[in-house]
Structures are given as structure tokens and as C-alpha cells.
Ligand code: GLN
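Here's a solo chain for you in C-alpha cells, the form predicted on its own.
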Amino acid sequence: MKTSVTGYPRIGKNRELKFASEKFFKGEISERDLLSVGREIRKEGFLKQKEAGITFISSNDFSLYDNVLDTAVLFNIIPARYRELGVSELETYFAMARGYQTEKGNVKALAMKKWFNTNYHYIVPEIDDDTEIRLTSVKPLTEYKEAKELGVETKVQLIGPFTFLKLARYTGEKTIDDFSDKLAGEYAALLEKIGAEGAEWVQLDEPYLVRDISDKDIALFTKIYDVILGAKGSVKVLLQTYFGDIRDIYKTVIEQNFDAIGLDFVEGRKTKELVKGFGFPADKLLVAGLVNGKNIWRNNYAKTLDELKELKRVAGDSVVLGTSCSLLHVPYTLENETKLSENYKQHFAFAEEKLVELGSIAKLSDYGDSSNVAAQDAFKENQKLFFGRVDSKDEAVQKRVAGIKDEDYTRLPEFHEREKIQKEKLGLPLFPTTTIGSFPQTQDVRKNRQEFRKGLISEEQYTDFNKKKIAECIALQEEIGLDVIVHGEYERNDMVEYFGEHIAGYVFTEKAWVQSYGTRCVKPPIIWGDVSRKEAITVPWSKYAKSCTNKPVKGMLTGPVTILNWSFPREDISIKESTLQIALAIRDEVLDLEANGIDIIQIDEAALREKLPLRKSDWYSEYLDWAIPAFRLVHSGVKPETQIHTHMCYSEFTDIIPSIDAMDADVITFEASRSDLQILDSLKENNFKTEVGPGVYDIHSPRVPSVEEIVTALTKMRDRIEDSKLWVNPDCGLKTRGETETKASLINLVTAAKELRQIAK
């Protein structure tokens, strides 16, 4: 049996790309040095997959920042404001990703959104009426040739044209239909060039097909691929889908002239039903995504072998075993985990281990007879892992979840009454200013945490340092003039991992880094068993912060849905049950903060949308009907005068505004600046009751917004949001920013709010 990997991690085993990129941004290394690091990362990935015996290995799955941005540059889709900077091609590329601010120019970054239902973020292409689509880059050819020189034959991976066009933003009068023919022609030209280099296969990723697809979408898809497949020549085309099933377009897809079709059998609830019900063409390969590319648990060989056996009855020997999606979404290797007990490690498979799994399952499948398979050592060792984990269950936790009552999801009194009580108690000015929570995690902060973890300093020294930083942070906020103060979160390594460390049921890694966007990497903790709060998590830090100021201090928590979504979840219970367990743990912390005099508590749900089903028909039955109540469970027990905030960032929220309002928070802050405040119209249309703070500047860019820029944004907000409900804040936390730019940006933010108060008088 042949095997296929949709894509491979690209940050480097030890985040080499992240560190090299950051040095390049600071001018510490050259463009040549940065590109050299990229080549070494690609080389290691190519050779590792070849060594594992993978049949279909991808090239061009590497990116210095984002594959969608790479595709835009590949086809000359670069807005004029970036070209006009007059900088190098690489600097222009990064300006689109991160923004740019020097004497040569001052431009914001392109919008950034979540990549379907993952925690990876892509850069949204921007197409205006003057965009001239044409093939201008040789990146796919270069990386194919790199692999070939290493003795590795690859399939050239590209974001498919249909998905690219559907994800793009059109800023002028022209629409997707005005650009589809030209883009299809340029893809056809690219395939011809790839074929001329000797490549046998091209993989076109079309994950958008797992969404709700209309008849108009099907017509567009067909028109595009009639052009591409009609001119593909000797190159074979693999249409790769993932993150769900393609029920709306399956029959159309199998009738097209593709040479192989990749389907997701992990998240695709109806994929097996589609293949069995409508059949599969004998002249195509079926790349069956049966090895989970998004989670880190070992594959159950028995289950996968049974599914392969069923598929072979339909597609015969044309079945290829593949990953359900790119391995970009899992860490590199368990070899880096030197401190993790073997009792845990044996249950996990990161990217390198998944390569081994693909090989093992393929070999077992080739044995054919079930008795021969069962006799194999690899099969027997694998099956031992699925007899249950004895330390994963906690009867007290399960009993508490079972005891949740309907009234536990409802906070009283209702919002409008609470709003009056809170305004009277807090006495905040019009357009109150605050931040989302974290302040810059400078080198001394990271050093303090690392030394404490390594036992080089005492707990008292660690705590004293953090208290000093908190006091300095509060003094800075008072100097700047912010109305609601935060403590800066200097004790936190990550907004999810930090909470997991204080909650029973979690397992942690050392170097299991996963790319979130660009140079931002996260290390998701693993939910091993039933979850409960072991101790007060944030209370001591918030109490200390409150003692340093007379201004309101905001307690900072991560919400249960985000903690679940930004962890590697269990597969032996439902994500609903896991989330409710986490919600009860965070509820305990909320009530503890309130009892200690914290009057404003922010419960971040940055990842609320992440596991929202990609099909609207499944939104409520499979997710929102329990995810929204889980958030309400966290705060329903607080007093009317306690103000509950939440925060959401870098995703699409306009179509779920009523559900967000139903979270029944008192204040919600949104990412908005990169998306040009597009969410505001939806808030107005839905009569959004919650007080709201759409972000007035982008914290993922190093540029400092001017007072005028912020005033302009706030003026637009006032057209759609009542003055009494409008808060002023950045897009997100300031953890990744530098101290100088942070202070300058917040000074401008406060100045803008004061100007607005004068205007509103």
C-alpha cells in the first residue's frame, strides 16, 4: 500500500525558522541567511519522509510566513500600497504579513483569519479592480528541484484556485467571477512549467469544498478545473480536501479528470458514506486520510485497517493511506520530550511518529488475512494502548458535571439591569480605555520564569520579581491614563498552558511547538484525563495588583472553550464533556476572584469559533448549543455588580453575532483593525446588547498607530455603536510586542479616547 503526507511542519524542530525570522526583522541577519535556514528545514523534512518510506511527499508546503500569502505573491496579487514602499521582494512580502513603518512608508498588514477550524492563521489575499493576475514567482519549481537534488521525488503542493478565490477579499467593484478565468489560466501555465521540470504529481489543496457549497460554487469550481485539467499535460493532479467531507460536490469531483482525490475520513462525517454510496472511479487513486493530522493520539490500527478493508471493496488497490490534513498542526517529534514519562509518550504520535504509523499500517494492510495481521508485533503493541487509561477518570468530576442544572447556565438579573448597576459602581468615563490583558514578555521576564522552572531561583525570588513587574506595569498604565488596569500576566507562559498547569488532568510537553501564525508558535497542553481546579490560579496576582492602585483591576482568565480548543483534546470522551469539566474549574476561579474584591473579570474566548462546524447546518446541533452555555456556566454565579468581559480575535464572527450576544457577558472586545471594522455593521444589524470594544489597532504588527488613525476608527465605531457601550482597546494582548512601541501605541490610544470625549460632549 502506498502512503501520502498532505504537508509537513515547517518551523524547525527547535523553532529555527521563528528565531531566524525575528533576527531578520531586527536586521541581525541577512536575507540570504534567512533563506538558508529555510532550505535546511526543508531538507530535513524531505529526508525524514523519504527515510520513513512515504510514497507521496509534498514540496512547496514550506512557507516563511503563510502559504496563502505565498500564493498571492506567486500570482502577483500584491496591493499597490505595498509595492509603493520600494523595498525588496522579501521585505514587501513581510510588509503584507506584518505591516511596515519606516521613513519609506507606513502601511498596515493584510487581514489575518483562522484557517478553517484550526488554530493556524492565514493572511487574507486582497484583490482590487486593478489587480493583474500573472505568474511571477518560481518558488514551487525551486523547492521541487531542491528535493530532487536530494534524491527525493515530490508532489508539488499548491493552495487550489477555488479555495484561494473564495478566501480572498475583493475591495473594488469586481467580484470573484471577474478573476476566476485569468487565475485558472495561470494555474494551467504553472502546471505546464512544473511538468517541464519532470514532476509527476501536483497536489491542489481545496479545503473550501468541505463547507456548504452552492450550485453557483459548483459551477465556478467546474469552470476553473475544466481549464486546469484540460491543459495539465503529463502532470497528474491530486485534488486534496481536508477538515470535513465534500458531500455537496462529491459527485462532481469524481467525474472530473483528476488522477487522485484526497478525502478526510477523520473529520469527514459523511466521507465513508459518500464513497460507499456513490462509488469511486477505478481510474483514480483514493488518498484516504485516516491518520489524524490534527491530534497527537496514536492511531488505532485495528480500526484503521477495518476502514481500509472496506474502502478496498469499493476502490480496490487504488487506495492510498494518507494523513487527514497537513501535519503542520502537530509538533515535530517525541524525541524532544526527554522529561515526559514513557507511560504517557507511548500514547502519542507527533509528525515523525505519524510517518512511522503510516508505514506500519500500510505494511499490516498488505498482509491481507486478519489472522496474519493480528500476529504481527506492531499490531499487538498498538492494541495494548486501547484498553483504557486507568488514571484518566475522576468520579467526583464526572458526578459534578452530571449534576449541572439548567438554571446553572443563567445569570440574573438580566443584562440591562446589570449594566446600570455596574456603571454606577465603577464610575468609568465615556469610552473607557483598557488593554486585553498581557504586556510585553521581555527577556528578563522569560529568564525569571525559566530559572524558576530549572530550580535556579527560589519561589520567593520568582514571586518577588513578578510583583515588581506588576507594580511597574500598573504604574505605567496609570501614567498613560488607562481607565481599567491589568496586571500584565508576567507569570504566564501561555494563556492555555498556564491554566492547564493548575488544573488536574493535563500533561505537558517541553518542545512540542506548533505554528499559530508567522513566527508565533504555541505549545498546546494535552488533556489526559478528567479536569478539575487544583488550587487558586490567578487570585494571588490579581489581589496584589489591586493593592497597587485605586483604579479598577481586571482579573484575567481563559475561557473553557478556548482552553479546550487550544489543547490537544481527549478522544475517549466528547469535547462537550471535556469543555464542561473545564468550565466548572474556571467557574471556581471566577467566584474566588470575586470573593477577593476583583470587580471586573475577563474570560477570554479567543478560540470560540475554532471548532465551529464548517457547515452552518451543524452549528447548533454539534457545537453552539453547548459551547455558549459552557461559557455562561463559568460566570452565572457572580453578583450583578461584577462586570464580566470576554475577548475574541482573528476569526470570522459576523455570522454568529446572535450567539456571541447570548454568551451574556457584560463587555466583549473583538479583533477588528485588520478586517477594517467589518464586524461593526453586523453588530448594528443584530441589535447587539453587550458593551463592545472593537480593537482600534493591530498588535501583531510592530507599527505604532497615530492618534488620528485611532480617532478615525473610533468615529466609524460611533456610527454603529452607542457611545455608552463603546470601549477603547487594542486588538489583542501585548505579550509579543516591544516595550517602546507598546507605550507609544497606548499613549495614542488614550489620547484618542480623550479627544473623542471632547467631541461627544
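In case it trips you up, residue 1 is the first one in the sequence shown, and so on. Every value quoted in this text rests on a predicted model; they were computed, and no experiment measured them.
This next part talks about the form predicted in complex with this ligand, which is not shown.
Put simply, of 649, 590, 328, 668 only one has a heavy atom within 4.5 Å of this ligand in the predicted complex, and it is 649. Here is the short version: of 656, 183, 495, 286, the single residue with a heavy atom within 4.5 Å of this ligand in the predicted complex is 495. Partner proximity in the predicted complex, defined as non-hydrogen atoms within 4.5 angstroms of this ligand, places exactly one of 435-443, 183-191, 615-623, 515-523 at the interface: 435-443. In the predicted complex, no heavy atom of residue 245 sits within 4.5 Å of this ligand. Heavy atoms of residue 264 never reach within 4.5 Å of this ligand in the predicted complex, leaving it off the interface.
Taking the partner from the other structure, this ligand in the predicted complex has a heavy atom within 4.5 Å of a heavy atom of residue 733. Looking at residue 602, you'd find a heavy atom of it within 4.5 angstroms of this ligand in the predicted complex. Contacts with this ligand in the predicted complex, taken as any heavy atom within 4.5 Å, map within 560-578 to 566 alone.
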